[in-house]
Structure formats: structure tokens, C-alpha cells
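First comes one chain, alone, set out as C-alpha cells in the form predicted on its own.
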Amino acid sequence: MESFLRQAYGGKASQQLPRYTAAVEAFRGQYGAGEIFLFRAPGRVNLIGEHTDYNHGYVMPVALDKDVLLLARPRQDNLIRLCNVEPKYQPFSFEIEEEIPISARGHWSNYARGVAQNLAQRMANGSGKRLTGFDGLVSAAAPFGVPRGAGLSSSSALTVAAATALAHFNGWQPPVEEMVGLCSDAEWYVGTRGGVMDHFIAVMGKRDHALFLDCRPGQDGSYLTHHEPLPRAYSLLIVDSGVKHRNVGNDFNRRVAACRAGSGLLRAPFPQTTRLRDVEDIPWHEIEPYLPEEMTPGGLAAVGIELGDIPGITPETTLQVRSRCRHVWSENRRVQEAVKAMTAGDVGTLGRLLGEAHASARDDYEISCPEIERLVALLTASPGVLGARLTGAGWGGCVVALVENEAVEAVSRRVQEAYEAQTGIQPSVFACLPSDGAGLLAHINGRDG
């Protein structure tokens, strides 16, 4: 077992061995002796490129070694049975059909249900093949699993793990975009919807690399992606503020609406505009005069600009148009500059860009909070830290910092102690080992120990 763990986790393989051994024993205790397939799907941290994805912009995420482990055994019928090493997640089962009843809101089974339903529908529209299910066990508990509620995409990792197992057992080998589409659509079933970034990095992660992703699909449905090597002498340090996301309601939706408003207002002077991405090559001083500081959907409708159906947005909602658009316009440029800096090995510029991205997210997009600001201040004041910023949707969650390898331990200790003293919250701090994307790690036959 240690050999394939080294391929997945490098020098951290020995730390993972007890986790995998316990998971195999738990699987056999639940389902009996026999073969076991081991799948994993990583969480992610977004290095730079925040709130650009739904504006058809650029992002640069990194796959984590914090992951969702799924042990599975194929079945001959269409039943899926899943249990979890964490007792609070109760076992469940369902049959794979083109219409699968959803479980209670927030129930962890819905991620597997969404994947199975969507794949069943795709198969019905294609080969007509009936899907077979599997018996499975999930291991995603701390300290090795993706932290939940921290903005590191634990739900997408579970979705991708389930999709990877189901695809393997049914001989489905789709292009990357189709697998990403399946997983992204599955989260519609659950009732949430983000961009495609989380699923792309979970599928396409590469050891020691970030993934540049252009979130605008081409006419053939493909996306432009390429991997960028991370600087070897530096680590990505992730600090969980302990503050759960405060956004998800109207705060997030108002920003989506403000960006749509900006696109609509820019369409007259710049007819090619469908998203803010379309004005990326136009200097900001030429764009700014067409964007008011504030506007309401009602005022926009009066000049023929409709925002579409956005929950929680009324005709009287005040939208901060100029500042929100300025963040997206500038953030897209920062991502492109970050790619150039990484290619050139210019870590100083990369660190500076992280700081500028944080300032823009705080001041123009206003998605920070006092706890995040304390963490960023503590990190940027620490020797060996080149830059730090909030990562994820905002209003809590995590901060990512670029830190010299030799300084990681000292910085981690200093930030933990100071942050707890200032807030009473003990933060989780870990250095990210950028990992490969989802896949089958190993096949243990019935005779293996």
C-alpha cells in the first residue's frame, strides 16, 4: 500500500498509511471480504482569480493533498450503497435511475444521487446502457480530508470522487470537459451552483503545479487550460479563519447582479461586451466613465438593461457597479500577470500580486471580514511571507500565503498563537502539497492484506 501512497502523497505517504488501513478495515467490516477499488478526489485552494469565473474570466487553482477517499466495490445491479467513517453521516442506498428522488436538503447522499441521475440520463441519451452501482465507503475526516465549510471545495471533491468511481465501473471514459460538466450539473441537483473551476481542478490537478483556466468555453465547448509550476523553494500555507462563509445569501447575488449591470452598461460604448471579460484589453480610464458608482435594477430596466432572474434582487436593490466591475477587470489582469511571473520564476512579483488581489477583494468587492483581515496582517508581517490573500468566496473561510519553505514552521506557530490571542479562535494551519487530480489509486484484490 505504501508504494501507491507515495505516488499520491510523496513524502507524506507514511502519515496517510493509518488512514488508508483503517478505511480498508472499515470497508470490509461493512461489506465483507473481496476486492476493493480506492479512488480519491482533492479539494482545492484558489491561488489567484476570485469572483472572475462567473464573469468568464481567469482563475488559477491548486489541487490539495487534503482529499475525499472513496473505497468501492462494483455491484451487478443498479444499487448504490454508501457509508462513511464519520458516524454523523448515516449510511444510505438508492437505485440508479434517470429520475432519482432527492434526499433531505443538505443530506450528504445528494451528491452521489446527482451524479448517478445525470450519468443515467446521459447514458440513456447515448448508448442506452443501464448503469451498475457499487458499495462504497467515504473517508474525508480531519486531518486528511478536505475541511468542510472552509471554502476549499469539500462538496465538489465528494461529487468528483463519486463520479470517478461510477464512471470507472461503467466503462465511461469521457473528455475532461464532459466529466466536469457532469459534476457541475450534479450540484444543480443538490441545489447549489458555482462555476466550473472546482471540478476542473479536482479532475485536472497536477503535482507541484497550479492550473490556469479560462472560464469562457469555446464554440466546441472546450476550455483553455495549462499547468504552471509552483516555485520549489516556497510553500502555499493555508490558514482557516474558523469563520464560516457569511455570503451565500443576497451579498453574493448583489455582486453577480452588479457585474451583469456593468456588462449591460458597457454594451453601448463597447458592442462586443457580453461579460466583463470582453473589455479586458481596454484601459480602465476609458471604461470607468460608463459605470456609475451605484444603480438599481429598476434604473437599469428604464434604460433597457435587464439582469435576469437573480434570487433576492428587487428593483430597488442598490448595486455598487463601478467598484465591483473594477475588481473583476483588475483581477483578470492579475491572473495573467501571475502566470508570467510563475513562468519567469519571479516569486517577488507573484507575492505582490497576491497582496494586490486581497486589497481589491477587500476594498472593491468587499468580501473580507475582520478575522480574515487579522490573518492577512499577521501573515504579511511575518518574515519569509511574500504575500497573502483571502481565498474562496469570502466573508470568512481561508487565507492562502506564499511562504519560504524554511519559514513555514515559524510562521505557522506565530500566526496560530497571535490569532488565537486576538480572536479566541484556534485556526487550522497547514502547508499545501499540490497534488494530482482525481482518479483510481489502487485495486486491492480479495487476497491482499
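So that there is no doubt, residue numbering starts at 1 and follows the sequence shown. Keep in mind that this is a model prediction, so the values were computed, not measured.
Below, we refer to the form predicted together with a small molecule, which is not included among the displayed structures.
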> Would residue 392 count as a contact of the small molecule in the predicted complex, using a 4.5 angstroms cut-off between non-hydrogen atoms?
Replying inline: yes
> Can you check whether residue 145 is within 4.5 Å of the small molecule in the predicted complex, heavy atom basis?
Replying inline: no
>> Within 4.5 Å, heavy atoms only: does residue 56 come near the small molecule in the predicted complex?
In response: no
>> Contact with the small molecule in the predicted complex for residue 397, defined as at least one heavy atom pair within 4.5 Å: yes or no?
In response: no
> the small molecule isn't shown here, but in the predicted complex, which of 413 to 421, 44 to 52, 380 to 388, 66 to 74 has heavy atoms within 4.5 Å of it?
Replying inline: 44 to 52
>> Looking at 252, 189, 212, 172 here, can you tell me which has any non-hydrogen atom within 4.5 angstroms of the small molecule in the predicted complex?
In response: 252
> 297, 264, 242, 195: which sits within 4.5 Å of the small molecule in the predicted complex by any heavy atom?
Replying inline: 195
